[in-house]
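Starting off, we have a lone chain in the form predicted on its own, written out as structure tokens.
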Amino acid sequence: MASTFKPLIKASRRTMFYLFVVSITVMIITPLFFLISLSFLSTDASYSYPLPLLPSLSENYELTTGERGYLLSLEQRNGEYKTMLDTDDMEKMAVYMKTRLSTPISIPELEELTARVDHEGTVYFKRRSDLLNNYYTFFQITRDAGPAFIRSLQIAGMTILISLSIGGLAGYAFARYTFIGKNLLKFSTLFVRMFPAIAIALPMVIILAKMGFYDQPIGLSLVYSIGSIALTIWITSSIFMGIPESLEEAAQVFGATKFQAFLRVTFPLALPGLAAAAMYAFLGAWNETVSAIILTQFNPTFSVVVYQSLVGATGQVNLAAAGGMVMAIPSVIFTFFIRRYIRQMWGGMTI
């Protein structure tokens, strides 16, 4: 009897596993999908209810005579036309269509359409939507967006350099040398990661100000490196422990110095761990916002700029979504280039 239900139980477990995997996948993909879609929506569409799942590639308009001049209406999803603007200022209408409706149109085209309205009464026309309008607008109206992007890349690069140079050497020392209090010291490096970022950032304001590094990329890099160094130590020490010391000794037998043996033998084998540590350091520095808000004033990072674009007086969710997508690009590119080493890290290291 038990053998009869055994295939059924096995199939039900497999089904539950697949349902669990699909549910997790949907939970991850759905917010990402809405973020991408929102970054392409016009300002009018991003505040409509229900929110469109996909941006419209083109828009249908109605132009007729209004009380103040010409009445511009936009076709809705139910086929009805919604009044958007009533004006006789063609420049104002062109700016409105570009910024609010993501539909670029020239003033001569509008003048031609209004001439038809004077003759025919009502004119219907169709224009292609500019799906990248939010991205252009974000960098045009958001304060310091371009320089902040470059500044964040500099901060992330310096954080990687500091974390790998100090954390990597410390990890090598923990893996190769024996000394009193080694395990306690190694464990104590994780204490700093137990504190929230804001708890570290507040006293660092005074320290960086005295050093002359407040509101400077190097100052943020030093703060970000505090937590990254601890993680780098644990990752690299595990990697170095997995590389037999006999390989370095064999290289020294053939005439290499200890530094040459490390550089030519150990370092290439440790690249997967170093790449993983670099990825964590980059993502931590690139995405950090709380500390950057406290430690910057006139030189914000790109994550702070994106945050301010959402909560500021002129904040718009579609512009913030566009900024968020731009912010994701460097992370994707960086991970793409080091994916081979990360794959080796996941798959284990064969010597």
Partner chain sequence: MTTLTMEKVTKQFGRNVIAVKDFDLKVKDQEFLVLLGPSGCGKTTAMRMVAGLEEVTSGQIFLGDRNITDLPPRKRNVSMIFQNYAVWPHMTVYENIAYALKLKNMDKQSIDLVVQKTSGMAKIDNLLERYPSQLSGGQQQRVAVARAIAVNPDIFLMDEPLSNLDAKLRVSMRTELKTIHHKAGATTVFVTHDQSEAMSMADRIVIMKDGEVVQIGTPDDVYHRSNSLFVADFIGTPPTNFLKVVIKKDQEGTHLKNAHLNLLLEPGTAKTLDGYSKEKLILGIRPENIILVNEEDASLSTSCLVTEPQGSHQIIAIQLDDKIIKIVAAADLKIKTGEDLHLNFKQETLRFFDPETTLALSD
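Residue numbers count along the first chain shown, from 1. These numbers were taken from a predicted model, which means no experiment stands behind them.
There is another form of this protein, the form predicted in complex with the partner chain, and it is not shown here; the text below is about that form.
Among residues of the shown chain, V265 is one whose heavy atoms approach the partner chain to within 4.5 Å in the predicted bound form. Among residues of the shown chain, D88 is not one whose heavy atoms approach the partner chain to within 4.5 Å in the predicted bound form. Though the partner is left out of this view, A251 does reach within 4.5 Å of the partner chain in the predicted bound form, counting heavy atoms only. Contact annotation for L132: none of its heavy atoms lies within 4.5 Å of the partner chain in the predicted bound form. Proximity to the partner chain in the predicted bound form, defined as a heavy atom within 4.5 Å, holds among L71, A256, L153, L110 only for A256. For the options L161, L247, A209, I141, the residue carrying a heavy atom within 4.5 angstroms of the partner chain in the predicted bound form is L247. Stretch 238 to 246 is the answer when you ask which of 144 to 152, 121 to 129, 238 to 246, 96 to 104 has residues with heavy atoms within 4.5 Å of the partner chain in the predicted bound form. Contacts to the partner chain in the predicted bound form (heavy atom within 4.5 Å) from stretch 20 to 49: none.
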